[in-house]
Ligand SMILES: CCC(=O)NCCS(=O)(=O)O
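Next up: a single chain in structure tokens, the form predicted on its own.
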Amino acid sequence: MFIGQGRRTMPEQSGKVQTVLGLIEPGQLGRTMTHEHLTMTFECSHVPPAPGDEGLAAAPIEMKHLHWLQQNPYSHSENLLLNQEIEAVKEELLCYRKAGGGSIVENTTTGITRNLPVLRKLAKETGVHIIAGAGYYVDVTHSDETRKMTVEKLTDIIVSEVLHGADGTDIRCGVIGEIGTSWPITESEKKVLRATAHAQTQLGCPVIIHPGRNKAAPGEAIRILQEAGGNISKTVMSHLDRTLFDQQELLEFAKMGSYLEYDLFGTEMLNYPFNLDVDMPSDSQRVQALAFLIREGYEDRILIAHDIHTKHRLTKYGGHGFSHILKNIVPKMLSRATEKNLQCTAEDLQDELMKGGKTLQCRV
């Protein structure tokens, strides 16, 4: 979250956090969700409904259809338009702040309808610090213009989004990401990854990666970033809870040095439509995975969030909302820590897993 002392940053930016309302000190972050969306569209990932479910997919979101929606969230077109729920998101953020939340890292990048003026408005009206993401999402959202850009041009755009403002505004992004990759990683995505590494070198700021839905994807993305000069110690690998399940493979990836993000808390479905080989874990299994990483010594490299990106995950529609981790998951972690006698205290867990100012140590 912190802006490092890169070649292009100003002295007043070094060691600070760039929010949509301006620079703040790291100590002002408070408890931070490092991977959320407040306004975006996800039509790029629409999944046609199963035969016979076309009526449900076209029906208004109602309580009687909630279970179907939870199991088929990407087959309901309206559900993919989170950008229609600004007032509901505002209420969520007020509840999040009341529950002890301080900051949100908003991971919406070019391709999925980033809306910086709305983010600024939400930050002003709720008091929650919002850090916006620079860069590009997965290949399917790249425009023809983006595909034709050189790595140098892409780098300049990402750097400008952090230093000067994005999307024709003066609102500056504070992280690079989420940078989207598919599997296999496409040529356009490889260019964006290389540009991301070059921009990070110039800026000294953190990078957040969305890996493809394959166990080899996180490592391949890291390899491309490293070869382009990226700082892996200041890079976050997202969505590990739907990507790496084998403990030894997880540890091998952890040795590469990135932050390990479990950011799908609250998401539980029987069939994951983007990779049917994946058995989506429960929240209890996520907690167990984090306990394993803590026992292996990675407590200072773990980040957690919800990755809310559809309507049905808002409390307005019967979902868990942005306060789920604070209200439900942290108490679960603390109870398990006591039962298992983990080598950490309750305060350690809350600090290491929730306080972005301590966890995402990206100063140089």
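Each residue number is its position in the shown sequence, starting from 1. Being a predicted model, the structure only gives us computed values, none of them experimental.
Missing here is the form predicted together with the ligand; even so, the following discussion is about that form.
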- Site superposed, the ligand placed from its pose in the predicted complex: open or blocked, blocked meaning at least 3 ligand atoms within 2.4 Å of a backbone or C-beta atom? open
- Query: Do K311 and the ligand come within 4.5 Å of each other in the predicted complex, heavy atoms counted?
  - Reply: no
- Message: If we define contact as a non-hydrogen atom of the residue within 4.5 angstroms of the partner, is M40 a contact of the ligand in the predicted complex?
- Response: yes
- Query: Is there any non-hydrogen atom of K234 lying within 4.5 Å of the ligand in the predicted complex?
  - Reply: no
- Query: Even though the ligand is not shown here, does I112 get within 4.5 Å of it in the predicted complex, heavy atoms only?
  - Reply: yes
- Heavy atom contact within 4.5 Å of the ligand in the predicted complex, the stretch among 80 to 88, 93 to 101, 217 to 225, 239 to 247: 239 to 247
- Task: Would you kindly say which of K190, K121, K153, R213 lies with a heavy atom within 4.5 Å of the ligand in the predicted complex?
- Result: R213
- Message: So the ligand isn't shown here. In the predicted complex, which residue out of L264, V128, A166, V159 has a non-hydrogen atom within 4.5 Å of it?
- Response: L264
- Query: Along 175 to 194, which positions have a non-hydrogen atom within 4.5 Å of the ligand in the predicted complex?
  - Reply: E178
